[in-house]
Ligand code: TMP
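Before any questions on how it binds or moves, here is one chain, the form predicted on its own, in structure tokens.
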């Protein structure tokens, strides 16, 4: 059996979590086996790494290199413990972020050497690559507005990565555009500034033709 691996990417506030939930529900309604994951995280080890990366009060001095390695440690565990077995069982695996986030955030955002970033990603994922990546694109102004609204209405744990300055997120957005340009067959750019149902409809239009592969 062969599954289908779909990843969701985008800057903060792009609506990934909402759209993953809606796509998962729609796929489940068709009788598909669906697994939803998030990065960093998705396994007990990965969730501990996630806390260290994002929420721990002791992570202030974390270097970009340490961030890069921790992200990929979580990813290596997720790939081997969950993603590969799920795909082998014929599941549709939906993941909120995958290695494109590392290229965009640690490569472009933190300005680490892109060849080094790619080599570490390759070690973490091997041949496990998404069949489709949905890049939910919003402007930095929209991203900032949505982050502020979310934090005001739904207080969440401190997020070290969201504490970066505007220039960082501008570089991240530029990185995503470069990724989309380099791999247009895999990465589909979705205008996520529109109403949620409109975004959902375009995502379904993009995903539906691929469902025959998950048999």
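Everything numeric here is computed off the predicted structure, so don't read it as measured data. Numbering follows the first chain given and starts at 1.
Although not depicted, the form predicted in complex with the ligand is the subject of the following passage.
In the predicted complex, residue 202 stays away from the ligand, with no heavy atom inside 4.5 Å. In the predicted complex, the ligand sits within 4.5 Å of a heavy atom belonging to residue 40. Although the partner is absent here, residue 71 is a contact residue: one of its heavy atoms lies within 4.5 angstroms of the ligand in the predicted complex. Contact annotation for residue 161: at least one heavy atom lies within 4.5 Å of the ligand in the predicted complex. For the residues 186, 50, 189, 32, the 4.5 Å heavy atom test against the ligand in the predicted complex is passed only by 50. Proximity of 12, 16 and 101 to the ligand in the predicted complex is complete: all three residues have a non-hydrogen atom within 4.5 angstroms. Contacts of stretch 75 to 91 with the ligand in the predicted complex, defined by any heavy atom lying within 4.5 Å, are made by 75 alone.
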